[in-house]
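Taking the form predicted alone, here's one chain by itself in structure tokens.
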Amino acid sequence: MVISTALSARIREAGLAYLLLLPSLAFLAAFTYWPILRSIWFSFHDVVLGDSKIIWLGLENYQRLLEDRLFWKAFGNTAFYTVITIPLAITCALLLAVALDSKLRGMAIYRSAFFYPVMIPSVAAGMVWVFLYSASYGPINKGLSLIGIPDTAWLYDSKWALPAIMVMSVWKYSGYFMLILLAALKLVPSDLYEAARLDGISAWNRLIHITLPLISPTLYFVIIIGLLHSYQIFDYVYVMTHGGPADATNVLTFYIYQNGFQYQDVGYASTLANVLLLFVGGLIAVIATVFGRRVHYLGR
């Protein structure tokens, strides 16, 4: 009788839990899982945007992808953007968080100032940087001309266009990462720092041997979030360069957009999206395997 009552209570509890989860699960199913399944199905077909006719192609889209020079160029641009931008943004965020983790007066103003770029809409931020990078009247070229450096067409030079977007991205992401890391720093016991100071340990060694290990769970989270952000870059490219010049800033998400909406080749765009999803998922799995074991959790 007691077992039956306990089982009934557990079933009711589980039923209530699933009932509460139902709205979120329905939303995920409708706007995440179903589109993914639909994209997988489209990748094996010739699908034209706005045309109800679907032609089976098998693996032809995937074979076409392997032979597509522009795909590999966009893939390389995306990888280069990720490898440079995310470490730089996280490093800047960590330094800012450490510098702003104090009880001095006015710290709230500085924190707000560094976080402010995060609140600017991406399109507006992109337009601001288009003005800053302008070859004829941009403040960056005006400032560089004062020290004798000639004007550079930052967004129209295939050598500088992608690095220019990367600089803008570091400026945009650093404040977001800084806020997360700053919250983690607040959880580090202050007596550890006091003991280290009494032992004569330098600020650099305190950062390396105390701060970084204790905030490693948050760093791990920031790395994953940064990776996802970097492979979703689209708006800055669309606003600032539209993939040019000569596809120097064409990234995977923008190439997917081009195929799906400009060329109306939904089948091939779905193929690109699936490959991107698999690659990012595999990369996250590798990072979880390599770095997940090195994460130190307080209290364990």
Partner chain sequence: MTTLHGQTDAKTLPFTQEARQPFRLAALKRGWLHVVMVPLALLWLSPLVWILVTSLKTRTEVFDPAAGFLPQVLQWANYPGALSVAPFGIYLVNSVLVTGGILIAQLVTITLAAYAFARQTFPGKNLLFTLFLLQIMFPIYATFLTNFVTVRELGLLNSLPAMIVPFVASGYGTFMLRQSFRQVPTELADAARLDGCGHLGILWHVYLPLVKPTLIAFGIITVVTHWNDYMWPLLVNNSENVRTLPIGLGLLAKSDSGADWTRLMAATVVVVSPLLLLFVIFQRRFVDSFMHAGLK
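Treat the numbers as computed from the prediction; the structure is a model and nothing was measured. Rigid core (definition): largest C-alpha set, two forms, superposition within 1.5 Å. Positions refer to the first chain, counted from 1.
Not on display, but discussed next: the form predicted in complex with the partner chain.
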The partner chain: the contacting residue among I223, I84, I180, A153 in the predicted complex [heavy atom, 4.5 Å]: I180
Test of understanding: in the predicted complex, would D157 fall inside 4.5 Å of the partner chain by heavy atoms? no
Even though the partner isn't displayed, in the predicted complex is G282 close enough to the partner chain, meaning a heavy atom within 4.5 Å? no
Taking the shortest heavy atom distance, is T289 within 4.5 Å of the partner chain in the predicted complex? no
S112 near the partner chain in the predicted complex, any heavy atom under 4.5 Å? yes
Only one of 144-152, 189-197, 157-165, 72-80 has residues with a heavy atom within 4.5 Å of the partner chain in the predicted complex, and that stretch is 189-197
Across 13-32, which residues bring a heavy atom to within 4.5 Å of the partner chain in the predicted complex? E13, A14, L16, A17, Y18, L20, L21, P23, S24, L25, F27, L28, A30, F31, T32
Checking K159 here: with the core superposed, does its CA move 2 Å or more between the shown form and the other one? no
Taking the rigid core as the reference frame, tell me whether S102 has a CA displacement of 2 angstroms or more between the shown form and the other one. yes
Yes/no, V123 Cα shift of 2 Å or more between the shown form and the other one with rigid core fixed: no
